[in-house]
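Coming up is one lone chain in structure tokens, specifically the form predicted on its own.
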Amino acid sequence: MGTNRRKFLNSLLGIGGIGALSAIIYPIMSYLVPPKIAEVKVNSLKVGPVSDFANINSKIVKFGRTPVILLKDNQGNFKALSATCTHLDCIVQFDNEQQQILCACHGGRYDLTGKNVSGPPPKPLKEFNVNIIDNEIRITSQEA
């Protein structure tokens, strides 16, 4: 009779131990594994009126979750390129003096068409369409 009681208590303690261990491990694993978040598909972005670019030549805007750099050249034409460097995803900036797009992380340089001209970037920046409708600048994805 004592052995049946002992087996029962050992089983009860084993199940309780497994439950306690699970209660500790599950929150840790839930914290380490990020939840899957559905990404919103953005096809078009209204940036603002053309008059906002009277005194500036570039602006970084968010196109969904992607940063995009909007450029205005000396002739007043607009161009939109991905603002993440193709080397290590750093945010690029426009250098007005050299008329180039620079990545400050590792010295990558792109021309105004997004083509990589020096440094470690392996490929050009992704291009977006720019349309001006009713004096409003609108950026659209080339996949749209």
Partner chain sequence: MEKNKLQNIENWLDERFDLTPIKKLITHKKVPIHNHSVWYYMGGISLFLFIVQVLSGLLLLMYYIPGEDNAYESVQFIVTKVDFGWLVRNIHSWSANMMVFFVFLHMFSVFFTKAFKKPRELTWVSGFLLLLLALGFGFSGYLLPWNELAFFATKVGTDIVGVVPFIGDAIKVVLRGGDDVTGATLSRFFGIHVAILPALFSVFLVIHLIFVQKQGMSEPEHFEKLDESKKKYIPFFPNFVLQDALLWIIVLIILLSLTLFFPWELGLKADALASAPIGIKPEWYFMFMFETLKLLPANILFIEGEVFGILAFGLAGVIWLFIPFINFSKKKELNNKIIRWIGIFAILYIVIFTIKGYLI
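Positions refer to the first chain, counted from 1. No experiment lies behind these values; they were computed from the predicted model shown.
One more form of this protein, predicted together with its partner chain, exists but is not displayed; see below.
The shortest heavy atom separation between residue 62 and its partner chain in the model of the complex is within 4.5 Å. Taking non-hydrogen atoms only, residue 34 approaches its partner chain to within 4.5 angstroms in the model of the complex. Taking the partner from the other structure, its partner chain in the model of the complex has a heavy atom within 4.5 Å of a heavy atom of residue 88. For residue 46, no non-hydrogen atom is located within 4.5 Å of its partner chain in the model of the complex, even though that partner is not displayed. Of the residues 50, 117, 112, 104, just one reaches its partner chain in the model of the complex with a heavy atom at 4.5 Å or closer; this is 104. Partner contact region in the model of the complex: 119 to 127, out of 19 to 27, 132 to 140, 119 to 127, 5 to 13, criterion any non-hydrogen atom within 4.5 Å of its partner chain.
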